[in-house]
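One chain comes next, on its own, written as structure tokens: the form predicted on its own.
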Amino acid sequence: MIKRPEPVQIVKQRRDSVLRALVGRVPYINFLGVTFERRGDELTAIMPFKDELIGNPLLPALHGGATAAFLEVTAIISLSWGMIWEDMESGALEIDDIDNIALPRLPKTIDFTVDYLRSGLPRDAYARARITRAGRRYASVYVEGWQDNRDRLFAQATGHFVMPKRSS
């Protein structure tokens, strides 16, 4: 007998719950107010504007540290989501109790270089990461950050990460 696929809404709810659990593990993400929109396996990070993120009130411009943290968080969550996605779709991730999901550890930053291309304006910021190399031990990620126009980046970054050991 052929097993029927799960309804699309159930699959989407499970994926959204796993993403919320992953993001909820990092208090700093909550402090920055960063959220993630999911379209299939692709994530877009959103950092809503708030006055606390302003570094130079005369311009006003986003603080460079907030920008760097936003891009780094985007890279780390994107790497983790890629690992979880494989496990979730293959059935290797235990998702019976959504509140107690066995999530893998987060990747550890080796280095992270940010290019500040222009001042971050006092408005919402968006970022998307592209994993350029992902092995069992090491990963390299490129992140783009924009505000009003995806073609006008205000920051970009490249990072290298040690990947956590995968459960066998």
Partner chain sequence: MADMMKQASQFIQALPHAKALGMELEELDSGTAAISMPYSEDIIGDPDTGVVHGGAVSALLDTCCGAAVMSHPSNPAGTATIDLRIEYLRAATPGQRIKARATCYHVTRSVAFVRATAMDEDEEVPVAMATGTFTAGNGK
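Since the model is a prediction, treat every value here as computed from it, not as a measurement. Numbering follows the first chain given and starts at 1.
Absent from the display: the form predicted in complex with the partner chain. The rest refers to it.
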> Does any heavy atom of I76 come within 4.5 Å of a heavy atom of the partner chain in the predicted bound form?
Replying inline: yes
> Quick one: is T132 in contact with the partner chain in the predicted bound form, heavy atoms, 4.5 Å cut-off?
Replying inline: no
>> Within 4.5 Å, heavy atoms only: does L121 come near the partner chain in the predicted bound form?
In response: no
> Is there a heavy atom of A102 no more than 4.5 Å from a heavy atom of the partner chain in the predicted bound form?
Replying inline: no
> Counting only heavy atoms and a 4.5 Å cut-off, does the partner chain in the predicted bound form sit next to every one of D51, I54 and T109?
Replying inline: yes
>> Just to confirm the contact call: exactly one of 138-146, 38-46, 121-129, 59-67 touches the partner chain in the predicted bound form at a 4.5 Å heavy atom cutoff, so which is it?
In response: 59-67
> Across 24-54, which residues bring a heavy atom to within 4.5 Å of the partner chain in the predicted bound form?
Replying inline: R25, V26, P27, Y28, F31, L32, D51, E52, L53, I54
